[in-house]
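Look below for two forms of one protein chain, each set out as structure tokens: first structure 1, then structure 2.
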Structure 1
Amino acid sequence: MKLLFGKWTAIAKESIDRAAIVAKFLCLLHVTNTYIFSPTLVYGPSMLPTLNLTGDVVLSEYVSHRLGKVGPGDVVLIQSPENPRKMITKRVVAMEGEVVSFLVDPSRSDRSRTVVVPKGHVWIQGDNIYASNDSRNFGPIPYGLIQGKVWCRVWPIDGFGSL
């Protein structure tokens, strides 16, 4: 009986040790995916030709925007100001205090407008001005809506590399 009990104790200890390793791995994966970087599927016409219409997988990092290291030219993930459940991918065009001139409706007229980006906000636009819902439609967005910075494209493989 004692031999049988000792065998089960060893098996239980081994099981607990392995479960602890799996739990630590899952915690590390969660922290990495939530606070450091994660793969993100982005699709739609607004970032053509930089990103594909049918979708690209990009690595997005979540540290730069918290440190204030986002600037003009960076492609960022933003919580949509119109639908908070949706993430959008756009390029930062201007930072607070900068002057932006843009075409109001590029497909219908050449009428332009000029605005100054207010403090704590950024001006974002899609690379495809004819098919992008961006700051030209909803104005400057608060810096706090930036969720991450696109670091590189990983899929499709022929487009692998930084943006």
Structure 2
Amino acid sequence: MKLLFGKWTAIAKESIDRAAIVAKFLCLLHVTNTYIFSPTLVYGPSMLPTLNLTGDVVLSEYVSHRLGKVGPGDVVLIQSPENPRKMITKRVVAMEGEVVSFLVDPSRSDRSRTVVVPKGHVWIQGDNIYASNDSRNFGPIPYGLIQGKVWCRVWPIDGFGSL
């Protein structure tokens, strides 16, 4: 009877140890994917020709936007202002205080508008202005919606390199 009880405690102890190792690994994974860098699959037509239509795996880093080092020309991952569960990839065109001139609907007309970006906001546009739902539709977005900066592409292999 005593031997059986000893066996059960040994099994319980070992399973708790193994579960602790898995829990620690998952915590490390969460911290790396939120605060350091992680691979991301991006797809869609709005960033052609920079990013492909059917999907690229890119490495995105999460350090610069917390330090305020995101600037014009950076490709960033942001939470969509129309649906907080969706992440979109666009390029930062202007920061707060700058003046933006853009074509409202380039496939239909030549009309252009000029806007000043308010404090704490950024203006984002997709590289493919004919097929992109961006700040030209929903206006400048608060800087707090930026989740990360795209660093380089890792898949497909022939497109490897920084963006």
Partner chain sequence: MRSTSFLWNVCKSSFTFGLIGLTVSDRVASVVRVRGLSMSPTFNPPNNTSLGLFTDDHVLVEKRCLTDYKFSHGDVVVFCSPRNYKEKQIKRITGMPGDWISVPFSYDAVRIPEGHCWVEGDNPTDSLDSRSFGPIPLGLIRGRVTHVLWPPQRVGKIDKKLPRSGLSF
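Think of the rigid core as the biggest set of C-alphas that the two forms share within 1.5 Å after superposition. The structure displayed is predicted, hence computed values, not measured ones. Reference numbering: structure 1, starting with residue 1.
The form predicted in complex with its partner chain is represented by structure 2; structure 1 is the other form. After superposing the rigid core, the Cα of residue 67 is displaced by less than 2 Å between structure 1 and structure 2. The Cα shift for residue 99 between structure 1 and structure 2, taken after rigid core superposition, is smaller than 2 angstroms. Once both forms are fitted on their rigid core, the CA atom of residue 41 lies less than 2 Å apart between structure 1 and structure 2.
Here residue 12 exhibits a Cα shift of 8.6 Å between structure 1 and structure 2, evaluated on the superposed rigid core. A C-alpha shift of 2.9 Å is found for residue 27 between structure 1 and structure 2, based on superposition of the rigid core.
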